[in-house]
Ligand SMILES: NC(=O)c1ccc[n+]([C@@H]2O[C@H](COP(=O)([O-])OP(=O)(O)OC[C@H]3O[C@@H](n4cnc5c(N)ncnc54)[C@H](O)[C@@H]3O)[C@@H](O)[C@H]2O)c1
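Quick setup: one chain, the form predicted on its own, written in structure tokens, and binding and motion questions come after.
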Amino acid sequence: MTGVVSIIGCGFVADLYMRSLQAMDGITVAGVYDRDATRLAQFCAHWNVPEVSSLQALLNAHPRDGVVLNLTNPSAHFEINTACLDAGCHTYSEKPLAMSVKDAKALHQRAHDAGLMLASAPCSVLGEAAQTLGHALRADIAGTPRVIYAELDDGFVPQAAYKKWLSESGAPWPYEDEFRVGCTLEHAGYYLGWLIAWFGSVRTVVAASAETIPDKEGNGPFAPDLSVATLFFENGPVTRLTCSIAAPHDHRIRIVGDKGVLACKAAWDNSAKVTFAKRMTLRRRLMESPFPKRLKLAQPTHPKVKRWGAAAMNFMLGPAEMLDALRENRPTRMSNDFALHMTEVTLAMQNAGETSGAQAMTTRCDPMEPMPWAM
């Protein structure tokens, strides 16, 4: 893989991208910009990458066969993504694309009209664990999938020592932004991306969300810290997805099929074990095998990144896929439709509240082509 990226925003998450970039041969950084000059200098010195003095200067100098990474705070995503697209730049945005479906659709239309790629994190769908599960589904290992339970609960975060959470180059974890944006917008995409890649469009979202811990530190208002959704796919099994920063840590996904259960316990680990537990009857008891079989793909798959903090993810798989698509003159798996649909579903969960009921989705997305090594 080869290509060039430019980076806008060098807060906490930017270090995870740079850490991942070290594992990717041939991708270089053309320039980095952040509105905080002190933070910009600190980041660029740590990673030995060139700093740029203004957003416009970065966009003017960015190679048009490269990808701009928008790693700013979510509240700035719409503005920055708009500027990138207006400058003619293929854009990879941290989640979400925008804070409203209206703005996300406007970005999608802008990218379409300009013939540009507009992708959204997360990209763990391109990782080994997600691709292994996808291969198992295509191979009918568990039989027809009937229901999926997916959990993205992160523990009682408001009591965590989050003021001690610093990135490699010294950026603090932005707890106020995290609490204001909410764990659903921040995290639901990790499993939504997998699900949409496997099954395509969600037809209807039935969800509820709430703020269960109102006295979080910082200046509110704060977003819901719990959401529970039932997702009805156009061509897939009914799925329950939970997100919270209150319930005990649980990142499992379980796909219940006619023959047994496919499972993975770690959404944030590209190399997490994927298992299949065959269903059986022992005397009069129906059960899944207590000795599940581990499923593996042929190696190698993709460059891995060692664990740092809570994650062992390669954050550059998405930008690398876009660069490969540009070089190979093909559609990217991280498509504009994929980004928009994932944003709409996530916002439906986030904004559900107590009484929203069923919400029909207005956007569509085809299933994602698997990676070549997962065929």
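Fair warning: this is a prediction, and the values are worked out from it, not measured in the lab. The first residue of the shown sequence is 1; numbering continues from there.
Below: the form predicted in complex with the named molecule, not depicted.
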4.5 Å heavy atom contact, D36 and the named molecule in the model of the complex: yes
4.5 angstroms heavy atom contact with the named molecule in the model of the complex for E178: yes
Exercise: S209 in contact with the named molecule in the model of the complex, heavy atom 4.5 Å: no
The named molecule contact at N270 in the model of the complex, heavy atom, 4.5 Å: no
Sole residue of E151, D154, E128, E94 within 4.5 Å of the named molecule in the model of the complex, by heavy atom: E94
Heavy atom within 4.5 Å of the named molecule in the model of the complex - residue from A119, I253, A197, L71: L71
Among 237-245, 75-83, 104-112, 210-218, the region lying within 4.5 Å of the named molecule in the model of the complex by heavy atom distance: 75-83
Interface residues of 306-331 toward the named molecule, as seen in the model of the complex [heavy atoms, 4.5 Å]: F315
